[in-house]
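Heads up, the chain below is alone and in the form predicted on its own; it's given as structure tokens.
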Amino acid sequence: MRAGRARSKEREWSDCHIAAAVVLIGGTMKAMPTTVQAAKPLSAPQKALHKLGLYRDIDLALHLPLRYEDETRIVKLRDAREGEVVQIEARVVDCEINYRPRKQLIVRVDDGSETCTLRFFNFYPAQQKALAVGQLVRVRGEVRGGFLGWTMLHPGFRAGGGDLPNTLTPIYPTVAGLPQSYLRKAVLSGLARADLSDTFAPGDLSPLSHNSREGLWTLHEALAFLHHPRPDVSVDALMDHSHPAWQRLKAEELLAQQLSQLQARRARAALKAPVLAPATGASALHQRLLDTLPFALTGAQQRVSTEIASDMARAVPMHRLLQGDVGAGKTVVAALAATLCMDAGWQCALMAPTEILAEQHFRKLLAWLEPLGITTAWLTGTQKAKERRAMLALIESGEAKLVVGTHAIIQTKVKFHNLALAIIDEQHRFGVAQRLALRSKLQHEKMEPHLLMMTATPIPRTLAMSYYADLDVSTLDELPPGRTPIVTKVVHEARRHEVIERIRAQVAQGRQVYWVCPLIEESEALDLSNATETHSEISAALQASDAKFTVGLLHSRLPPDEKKAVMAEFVQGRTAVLVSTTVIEVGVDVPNASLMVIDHAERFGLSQLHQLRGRVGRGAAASACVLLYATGDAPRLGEAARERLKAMAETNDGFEIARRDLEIRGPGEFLGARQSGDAMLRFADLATDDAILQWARQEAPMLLDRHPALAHKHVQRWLGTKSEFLKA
């Protein structure tokens, strides 16, 4: 691997493969077309640029270096230190190929102070020729000492001397087939052609810094500097993005994001939606449901229900995110919203990402609404044809006022009579196209349905202000009474037998247990116990006791009917222990389950661990969650895994868990798929750039109101078509 990287690096320095790749017109690279024309096939380097998402001049200008190399000075070998990366200028005094212990090119160079041996295990004839005896070369690499003197392994080199550069050399993110030399010329050309006129005055940024001078960088100055910084600049300030030039780019990027969110919100405000004014009186479906619920709503549920009802009573599409911790009672809030919709004579649809979760919703909603005379349809991809046809007929006729299901709901054959409210649970698991497909199911006077998205992964404040700024956010910050605290223990794999003994004690008391495994079958890459082996292990342990207990096995490869049967046995209490993969992550509600064991917990994400833990603590019994971890051959856990397990042990608060999860993973990974797969923030860091985010939130509406054309130009410059995902 190191040899391969070194070879790539050597190619960067030698211009052998570059001349034919770059087409120069008057000294600059020929502009790439914004759209690909079939008549002109793309060259290999252009295809590689497109792989990086580099289509426009501004894309090239914003393609910033990963790191820098200092080629501005020559170091004498006598002044070099062990392990230091240096650049020397020397003459080749010997060049030969050795075949023992393996084929390698060995070159000895002399810079007038000492000699150094260059070793290449992968090389081409052209490289051997460029390193001919007597040739003056400039070499850069890590010097290593040894019995035979200084050595460099696969250094970068180029023939000849010449003037030294006066700026640091950028090293860009790249892909196979795109040498750094080509990429540097492409970026430089794009930077020269791109429109980098300022959207806002440089002085507008002065409130963001204690030193007002730091706010005076223009966009062009900032980009020119970051592509070719001076050698005296602080490398730390460049790499941690604290340099004033970086501050300018972060401000530009966050302003573009805030503008795009604001544009999306205003565009939706111009759309029409059915007015779902709440019915009044004892006969109203909404009131009848409240009267028959076996529990009282929490204050948070009442507040959020009022916010949703207020939105739905307007002729503008609601676009609201309902967030709440595990067990906060989002389903009943969704049911109350659905009754408002049905009371007004319209249909409602609830879409969940998995069949198990959808079925949990269906059973719960059916129990609440069927006694009130509401017909509910059920749609999944695994239904028998006869049942599916019956459901489709109920939906199209309007007889089914509520439709619950998986992504099967959005298939083209599903015709709603008059859909007015779309509810999407665990919204981050659905892609943009899927959410848009559900919203398009209302074909009535060019109206759009109201949209309520739900998540059990609370959104940290900075994400709510940035990625979710186009949404209205409702928060269930209060748990219903009766939820018991969950004690979380982090236990090493070596104590697995103790955990199994704990299970025996729990089931002997009539309690039920989850055991969650990360894999179904053995993987050569991951030495994990699979669900089948764990099922056999626990079954054997429980069968050894006087009482005989049933152990169930649930995983994604089971046929749908078997999944339902296994889950039903556990829900009804006939199965004592359920060994499962993460298909039970959300939606499963078994109050008698008091112990959750998560096998190889170090392999799970923090949000997923919290969701799994939330499957227990739903009844009156004291509940616990055991995080069983293994370190393998390593002496201890990796930093990220250790932080995840530490957070789980320290808090049950989903909002605190979400905050730490954001710190560990960053927003791109945290967001999942709302989130079209492309993170909208490349440079700004929500954990450290709160002041810039606040500035952008204040600046965006003023710019959009006073200079709409300039605002549109700014969004297109930074986001291109990525802002399209906000429509969903």
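Bear in mind that the values here come from a model prediction, so they are computed numbers and not experimental data. Start at 1 and count along the sequence shown; that's the residue number.
The form predicted together with a small molecule exists for this protein as well; it is not shown, and the discussion that follows is about that form.
Asker: Does K250 reach the small molecule in the predicted bound form, with heavy atoms at most 4.5 Å apart?
Answerer: Answer no; every heavy atom of K250 is more than 4.5 Å from the small molecule in the predicted bound form.
Asker: Though only this chain appears here, would R483 touch the small molecule in the predicted bound form if you measure heavy atom gaps against 4.5 Å?
Answerer: R483: yes, in contact with the small molecule in the predicted bound form.
Asker: I'd like to know whether K563 contacts the small molecule in the predicted bound form, with contact meaning heavy atoms within 4.5 angstroms.
Answerer: Result no; K563 lies far from the small molecule in the predicted bound form.
Asker: Contact between F295 and the small molecule in the predicted bound form at 4.5 Å, heavy atoms?
Answerer: Contact check for F295: yes, within 4.5 Å of the small molecule in the predicted bound form.
Asker: Within 4.5 angstroms, counting heavy atoms, which one of the listed stretches 327-335, 555-563, 490-498, 73-81 is next to the small molecule in the predicted bound form?
Answerer: That would be stretch 327-335.
Asker: Consider the chain as shown here, without its partner, and state which of R184, R108, R268, R618 has a heavy atom within 4.5 Å of the small molecule in the predicted bound form.
Answerer: When the small molecule is considered in the predicted bound form, the option within 4.5 Å is R618.
Asker: Only one of H241, R388, K364, H600 comes within 4.5 Å of the small molecule in the predicted bound form by heavy atoms, so just point that one out.
Answerer: Checked against the cut-off, the match is K364.
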